[in-house]
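What follows is a pair of forms of the same protein chain, given separately as structure tokens and numbered structure 1 and structure 2.
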Structure 1
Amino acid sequence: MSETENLTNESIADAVHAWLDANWNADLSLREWREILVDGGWATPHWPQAFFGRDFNQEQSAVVSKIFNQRGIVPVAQTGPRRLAAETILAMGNDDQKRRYLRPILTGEHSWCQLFSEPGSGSDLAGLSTKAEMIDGQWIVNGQKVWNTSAHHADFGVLVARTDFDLPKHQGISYFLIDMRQPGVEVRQLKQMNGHASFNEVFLTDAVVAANNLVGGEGNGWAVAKTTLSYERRMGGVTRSFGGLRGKRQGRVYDEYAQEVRIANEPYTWYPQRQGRVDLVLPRAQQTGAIQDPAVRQEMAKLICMSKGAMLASEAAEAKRKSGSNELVPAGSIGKLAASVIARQAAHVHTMISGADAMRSGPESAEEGMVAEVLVSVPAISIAGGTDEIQRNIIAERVLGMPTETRADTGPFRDIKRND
């Protein structure tokens, strides 16, 4: 048993306050403050002591973050897919990788992207055909990735590529950390159906990865990728938008933080809309008088039931997980599926509330265009991070233990039928 388990919540709270009293200073630069924060071990207290953490459990970490919120303390960088990279490196990387990459992720110095999907392999991620070969002591990568959120401003990427085309498909994959700022990497932004451009296509032409940037060993990439994906499902999406801190705060660190959030959020302003904006439903129904319509009331009530039910189910799953129950807790996939159902129902209710007004878009339309943006952004939620159909497969096979499909993709990878 580690000694941190004996800490009481009160003693943790005292320690956080004492440390903040001694170190927090709103006039520091953002980078200076975050370096102090990360090295002090209070940024990610649930991480191991050897790597910027304190081995805290969930409850202990919650004590820390609550105090940070209350005192309006600027946190470590959280935007973009950087946290997927950080959690994967922490779980599967070697000590050298942890030392080199974790700190600049947290301080905000480096941003990251996820180079998984390809034109020929999306749901069937393990069907990927981007090739990595060891030549003269370094990995040389060739192929194309697509739908990669944040790749246009990322410094690094987590990359899956095939290192053996003769093995069965899951076995020939390796996981790399790739420097995006090199001639072999070309990024092109893609315009989405809602007009925004937060994802990209990435062309890899003799791109170079240093030998010690292989994670988990050659041929073990599938296991590492699954770590990233399960974290992604739990997070509920590749990127979350962060609204910054509440209230008006004075000081250099606040100004720089607000700017970071603004820049980072810019391509992702539509993310809340893809969740359906359940928060706007009741006020809109009241303002427009649509709340008097019995049909609208029924659909609103269904939406409220779903969104409360999903929240309560995820809390229940979390409580079971914490109490160490061995019962399979299907929180990730079920939560992701529920988010899609909720988003669709919210779009349906917004449409009912608007009536013909839903034909409009742009800043003059309902809620300064937010409702129109809901209607054209909701389709993303059931695709990004693994489609609804894939979540249903996972729930049926892994949680309910239903038998798997007959497979058409066994044997050496090079013999499997695919689109190239």
Structure 2
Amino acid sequence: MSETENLTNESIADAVHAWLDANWNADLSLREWREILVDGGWATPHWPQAFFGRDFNQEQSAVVSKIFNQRGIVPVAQTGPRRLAAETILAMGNDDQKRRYLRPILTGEHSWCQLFSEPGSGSDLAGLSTKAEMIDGQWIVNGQKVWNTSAHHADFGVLVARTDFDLPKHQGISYFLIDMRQPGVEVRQLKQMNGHASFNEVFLTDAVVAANNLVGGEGNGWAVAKTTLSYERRMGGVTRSFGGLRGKRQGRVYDEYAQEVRIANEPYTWYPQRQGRVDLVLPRAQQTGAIQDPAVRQEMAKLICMSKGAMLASEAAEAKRKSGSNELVPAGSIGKLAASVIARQAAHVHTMISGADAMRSGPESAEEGMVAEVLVSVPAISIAGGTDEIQRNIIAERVLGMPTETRADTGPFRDIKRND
């Protein structure tokens, strides 16, 4: 039995309060405070002691989080793709990579992005064709990535690229940590039909990756990428809303944290709309009188039941995870597929309630254009992080145990027909 298993929740709470009393200072800079927090081991208590944690289980970590929230303590940097990068490096990286990259992620010194999807291989991630070659002791990367959130201000990226075109497509992939500030990386922002510009396309031209920034070994990138995707899909049904500190608070650390949150949240401001804004349905129906229409009420009831059911399923999956289960991918896929179905149903109900007014934007339109933004944003949730079709395959094969589909893309990757 480890030392942490003997700790009671009360003793953990006492230790957290005592440490905060001795170290918390709202007049510190954000970076100064986070350096102290990381050194104290309270930044990520569920992580190993060797890497800035305390080996706490989920229940013990929840005690720490509750106290931080109650006292309004600024946490470590965890916004956007940073979290995906950190969890992947922690799970699959070697000790050298953990020492070099985890601390700057937690302190906020480094921001990250995710370089997975490509124009010719979005949902079929294993069909990627970005090439990485070992030349003179370093990896040289050429190709194009797309739908990269925050790439325009990222310091580093997690990258999957093909290192062997003679192997089957899932076997010739490697996973890298790439410097986004180098000359060989060009980032261009993409304008969406809902008016936002949350994503980027990234062009890699003889970009360099040091040999020691290969994660998991050459050719093992698919297994590492699945770790990243499991966390992404688990987060996919949750609005990326950061901050969590209620009320007006004074001090340099709060001011700098608020600025960090504003920058991190900017790409995600439309995410509640892509999820359908279920919260607006009942008020809108009451406001417009559509609540009196039995057909509208029936579709609203279906939507609310689906939404509540998905929430309960998510809580059950989280409870299973906290019990020690490592099965993240199917649970994430079920939640992501449910989010897509709910979002489409919400768009349908909004249209029933608002009629043609749902297509108008501006101050005189439904919810000042918010309903119109829902309608043009909802399709994205069925695409991002793996399409609905991909999620159905995962659920069918890995959860229900159904036979795998017949594939036409076996054999060496270079022989597979692709849309290049």
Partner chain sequence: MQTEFSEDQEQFRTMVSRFLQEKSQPTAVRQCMESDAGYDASVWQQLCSEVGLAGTHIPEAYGGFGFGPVELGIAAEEMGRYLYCGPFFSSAVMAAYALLHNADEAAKDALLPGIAAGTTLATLVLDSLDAPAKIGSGLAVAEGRLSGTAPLVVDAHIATQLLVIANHGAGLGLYSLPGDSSGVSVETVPALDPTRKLAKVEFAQAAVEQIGEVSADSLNTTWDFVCVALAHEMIGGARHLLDSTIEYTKMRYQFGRPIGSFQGLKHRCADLLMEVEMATAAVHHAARCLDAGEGEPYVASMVKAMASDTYMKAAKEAIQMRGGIGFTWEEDTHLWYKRAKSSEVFMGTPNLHRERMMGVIEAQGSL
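Numbering for residues begins at 1 and runs along the sequence of structure 1. Because the structure is a prediction, the values reported are computed rather than measured. We call the rigid core whatever largest set of C-alpha positions still superposes within 1.5 Å between the two forms.
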Kindly point out the structure, among the two, that is the form predicted on its own. 2
Please report the angle, in degrees, through which the smaller rigid segment swings against the bigger one between structures 1 and 2. 7
Angstrom displacement of the CA atom of E364 between structures 1 and 2, core fixed: 4.8
